[in-house]
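Single chain ahead, by itself, as structure tokens, in the form predicted on its own.
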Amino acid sequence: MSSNQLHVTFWGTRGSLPTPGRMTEKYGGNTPCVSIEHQDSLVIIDAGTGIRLLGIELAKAVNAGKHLKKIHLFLSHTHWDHIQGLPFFEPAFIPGVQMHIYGSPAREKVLENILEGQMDTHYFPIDMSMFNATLEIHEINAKAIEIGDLRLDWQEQIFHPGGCARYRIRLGDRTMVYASDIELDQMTDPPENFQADPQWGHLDLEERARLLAEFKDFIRGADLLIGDGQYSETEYTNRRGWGHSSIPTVAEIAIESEVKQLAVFHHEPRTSDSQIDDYGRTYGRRFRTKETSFNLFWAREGMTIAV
């Protein structure tokens, strides 16, 4: 691996719930998990079912006698599709592995209780006390975290039920951003569309504009944005308030923010590979122009990108 690049791998790209089967073989049916590697630094964002596959690869390396990097796992939020793979993460059961889990302090219950609750005997046959790795759970109390040569910044996101965090990782002049699970359309819609919104209707046009500017500043100039684009604009009309963005909205915001590459992420469970291919052609024609070098693509399980 190049010493001045981030290597980003998608282990799970599907939103809401796993969708195995022939219809999702190309883009993947596992729920969110992304790894970012640089030399001896390993950052993982989200622990959906995709983290099981990553864990298998890491365990193979340990069994082959390789030293396992210290693991830093950042959770965007604690909805099931973003934590349900953690009990199946093999390195958590390997003695000597050091594993740090980070999450936003803005949860209704403390992070550790939420993760332990998912492994309660009513839901799962073993509890977290069976993990043999050295495990530390942190509620983030700083705006920036240094991991080796990496600098990780984060912000809270408003437009997702229960809240969510977005993350930006910098290596020198290289930047990637993970900003899944946010309903960006809530910040761009005309006032008549949101005034009656039961969740966020109290936020006026001025406040929504401020939040949009904050989002654009956070992603500005990123070499790679992993962005929520769960719905086509047609699908979105029936899913307002569900906490996810339409594809054209995230693409337009990325272009306005001078993002170089957008990986559309958190695919709708009912969307097949052939439909995503159709989206690629339709939105590709709309957003790939001669005036910009912007690259739009759909995240695919198993894909690795050098940033």
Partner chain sequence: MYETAFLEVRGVGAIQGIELGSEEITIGRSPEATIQLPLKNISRIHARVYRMDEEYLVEDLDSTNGTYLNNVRIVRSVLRDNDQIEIGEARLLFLEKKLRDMPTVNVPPKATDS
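Positions refer to the first chain, counted from 1. Just so we're clear, the structure is a prediction, and the values are computed from it rather than from any experiment.
The same protein also has a form predicted together with the partner chain, omitted here; what follows describes it.
In the predicted bound form, at least one heavy atom of residue 26 sits within 4.5 Å of a heavy atom of the partner chain.
The partner chain in the predicted bound form comes within 4.5 Å of no heavy atom belonging to residue 258.
For residue 60, a non-hydrogen atom is located within 4.5 Å of the partner chain in the predicted bound form, even though that partner is not displayed.
In the predicted bound form, the partner chain sits beyond 4.5 Å of every heavy atom of residue 4. Between 66 to 74, 238 to 246, 52 to 60, 38 to 46, the stretch whose residues reach within 4.5 angstroms of the partner chain in the predicted bound form through a non-hydrogen atom is 52 to 60. Along 293 to 307, residues 295, 297, 300, 301, 302, 303, 304, 305, 306 each place a heavy atom within 4.5 Å of the partner chain in the predicted bound form.
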